[in-house]
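Next up: just one chain, as structure tokens, the form predicted alone.
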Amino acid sequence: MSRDLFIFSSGTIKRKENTIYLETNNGERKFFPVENIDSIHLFGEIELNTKALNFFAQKNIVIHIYNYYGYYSGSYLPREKNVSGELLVRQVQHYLDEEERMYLAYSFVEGALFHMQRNLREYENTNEFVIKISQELENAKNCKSIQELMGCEGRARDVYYNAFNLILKSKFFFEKREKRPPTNPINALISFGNSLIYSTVLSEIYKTQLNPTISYLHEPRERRFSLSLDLSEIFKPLIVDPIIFKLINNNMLKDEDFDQDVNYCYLTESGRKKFLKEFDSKMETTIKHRKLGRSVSYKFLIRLECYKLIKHLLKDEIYKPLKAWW
């Protein structure tokens, strides 16, 4: 099974015949088994030449680039081979049709809130938060606009985050969600995890015929793959948040894993490596799929969500968001 490769070292990635290697700044060479690589995530300062990029394109390997603080900056997507004019037209039609768009946008919110409640039910004294989220989900059913729907989702997420201090067993305290920049360790972990799930969802969308720029919950804009934002909503509480709870509650993170000052807090390289180890393990974890009758990984569940969306757009099967049953 292909896996993602995470590179923290700095240097130059080069191609030599049918192999790819990283030549680090101290002259060490590390060769990559490209046949088994799905996507590459670059956290170090890396130089790439066109021979290497051409090779990655031949192998359909997506490259995600992260900035100094470990947050997503952009992606190199090889020339699209999975293109469908019909599906593109259907995507646009579902965006322009108000009723169709609202159905899909609500579905993404429904999946997200379901997994928030699922997480909370794992812990004691969280029932009042679960009830408040249920109320926002009921309110969402009656929304007449995307803005109203986003408001319900935002209030439900605030309730969810307010419950974090009942879940987290450590000196780390979570006051409120702050992104630009994150100002405490919990915000730093959420931002880093959400950045990873966004790029991973984008990689899975790329393997299908979906166009990642046409979305339904988030407004399509220039310079962003907003469909990845839509689908990520379902998977952030399912994948990212349990990793945060595990890292914190098992004392796997120390002060030195964070670079903190008065106005910001970021994960250091050691902190990012600890998170990525858990993230990679989570993505490869398998569950028995009820409909397919076989084991599938968390990562493949994201691809399946793309296929379900395609079926909906093509009027083959009504889309229902993933709701973890295990």
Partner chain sequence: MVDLLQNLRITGIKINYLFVCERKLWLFDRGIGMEETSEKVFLGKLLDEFSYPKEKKKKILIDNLICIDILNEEEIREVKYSDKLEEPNKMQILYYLYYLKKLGIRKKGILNYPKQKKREIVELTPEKEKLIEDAIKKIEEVVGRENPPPVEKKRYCKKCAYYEFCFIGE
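Treat the numbers as computed from the prediction; the structure is a model and nothing was measured. Positions refer to the first chain, counted from 1.
FYI, the form predicted in complex with the partner chain isn't displayed, but the following is about it.
Enquirer: Tell me which stretch of 259-267, 272-280, 43-51, 292-300 has a heavy atom within 4.5 angstroms of the partner chain in the predicted complex.
Expert: Selected stretch: 292-300.
Enquirer: Is K320 close to the partner chain in the predicted complex, meaning a heavy atom pair under 4.5 Å apart or at it?
Expert: Heavy-atom contact with the partner chain at 4.5 Å: present for K320.
Enquirer: Going by a heavy atom distance of 4.5 Å, is E99 a contact of the partner chain in the predicted complex?
Expert: No, E99 stays farther than 4.5 Å from the partner chain in the predicted complex.
Enquirer: Heavy atom to heavy atom, is N82 within 4.5 Å of the partner chain in the predicted complex?
Expert: Judged by the heavy-atom cut-off of 4.5 Å, N82 is in contact with the partner chain in the predicted complex.
Enquirer: Please tell me whether any heavy atom belonging to K246 falls inside 4.5 Å of a heavy atom of the partner chain, as the geometry stands in the predicted complex.
Expert: K246: no contact with the partner chain in the predicted complex.
Enquirer: Counting non-hydrogen atoms within 4.5 angstroms of the partner chain in the predicted complex, say which of K254, R121, K207, R224 makes the cut.
Expert: When the partner chain is considered in the predicted complex, the option within 4.5 Å is K207.
Enquirer: Select from 87-106 the residues with a non-hydrogen atom within 4.5 Å of the partner chain in the predicted complex and write them out in sequence order.
Expert: Contacts from 87-106: L87, R90.
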